[in-house]
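Only one chain is given next, in structure tokens, and it is the form predicted alone.
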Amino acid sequence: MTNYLFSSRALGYLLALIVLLLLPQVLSPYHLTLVETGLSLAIMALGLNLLLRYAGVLSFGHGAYFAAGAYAVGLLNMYFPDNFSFELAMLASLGVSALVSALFGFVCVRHTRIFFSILTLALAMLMFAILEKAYHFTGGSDGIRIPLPTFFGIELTGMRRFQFLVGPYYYIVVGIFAAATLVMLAVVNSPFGKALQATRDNEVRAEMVGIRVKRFRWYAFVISGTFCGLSGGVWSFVNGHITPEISGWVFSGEIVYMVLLGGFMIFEGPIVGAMLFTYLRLYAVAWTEYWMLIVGGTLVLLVLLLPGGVTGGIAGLAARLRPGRGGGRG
């Protein structure tokens, strides 16, 4: 049964990758950039879900690590323009976000439940204040513009940003997203991932069998924050401009919404949630200036009608429609 599920998941991933690679042939350039946004945010949603589903703690401040990755790209361009390459920018995103998440996580993992969540929110707002007030270093509320980088020494002179986004960068985003998904899948199915789930289910018993709960939770926090930083670095090139708002509580709440929308109990749920949220916010903003009311209303309906998210609802429906299910119970 396990081999069957593994092969089914591998086949599904392969088909999804093929579809993503073929999308430039059927989608308009505008919608292609929306897919890029959704894929970059999906990396962050996977990172948050490592804490929510597998560690059993909820962070309301993951925008801080997303901002750390994005600002690592922006500051690299501001202060080291001669070394502004895509590969170095990604390394900077990973390094800075890992450092920030390690520091913040060291404080947060000493607490659980609501205390953990409030601490993550408070530290995210501290990051927001630093980015907002350090005007001469970060650009303050004006933010930082992200130009096109070089790729392994190749200059993109003469190419407009939109051409870059719907051309070579789309395939780069797909490649990074695919790699990040496989890495996270390996993490949650590794002995570390199983030990993390043990700390979620019963802290006391986990400690009794030799698992250092706080240390494992800290490791998970750093991995989660690093995924968010990678997401921020990838997204910064799609958006072309970064501001302190991406570290604020509103954006951090949107990350939680993505995970809940897709369904946090299924590994692929946050990916689906990030894609759906990208389009939901787009059409809500286009329809009314009170778009946050629509997003909030859908969250209420989601909690009441689909507590398992979209993927959880689909999985439940498929289970009920499966032939022979419950046939022997009369």
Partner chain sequence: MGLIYALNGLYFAAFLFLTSLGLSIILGVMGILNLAHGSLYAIGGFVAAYFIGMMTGSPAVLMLVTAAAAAMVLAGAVGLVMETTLLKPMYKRPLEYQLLITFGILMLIEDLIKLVFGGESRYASAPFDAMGSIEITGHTYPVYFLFVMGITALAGLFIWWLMAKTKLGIMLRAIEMDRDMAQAMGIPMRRLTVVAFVLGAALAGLGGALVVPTTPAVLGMGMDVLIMAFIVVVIGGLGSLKGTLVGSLLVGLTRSFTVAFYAELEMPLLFMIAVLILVVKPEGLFGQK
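Numbering follows the first chain given and starts at 1. Note that the structure is a prediction, hence the values are computed from the model and not measured.
Not on display, but discussed next: the form predicted in complex with its partner chain.
Colleague: May I ask you to state whether Pro307 is within 4.5 Å of its partner chain in the predicted bound form, using heavy atom distances?
Modeller: Yes, contact at 4.5 Å.
Colleague: Is there a heavy atom of Ile154 no more than 4.5 Å from a heavy atom of its partner chain in the predicted bound form?
Modeller: Although its partner chain is absent here, Ile154 would stay clear of it in the predicted bound form, with no heavy atoms inside 4.5 Å.
Colleague: Would Tyr257 count as a contact of its partner chain in the predicted bound form, using a 4.5 angstroms cut-off between non-hydrogen atoms?
Modeller: Output for Tyr257 is yes: heavy atoms within 4.5 Å of its partner chain.
Colleague: With heavy atoms only and a cut-off of 4.5 Å, decide whether Phe267 touches its partner chain in the predicted bound form.
Modeller: The answer is no: Phe267 has no heavy atom within 4.5 Å of its partner chain.
Colleague: Could you check which residue among Leu99, Val107, Leu91, Ala178 gets a heavy atom within 4.5 Å of its partner chain in the predicted bound form?
Modeller: Residue within 4.5 Å of the partner: Val107.
Colleague: Could you tell me which of 67 to 75, 107 to 115, 169 to 177, 83 to 91 sits within 4.5 Å of its partner chain in the predicted bound form, going by non-hydrogen atoms?
Modeller: That would be stretch 107 to 115.
Colleague: For the stretch 272 to 298, which residues lie within 4.5 Å of its partner chain in the predicted bound form by non-hydrogen atom distance?
Modeller: Residues within 4.5 Å: Glu289, Tyr290, Trp291, Met292, Leu293, Val295, Gly296, Gly297.
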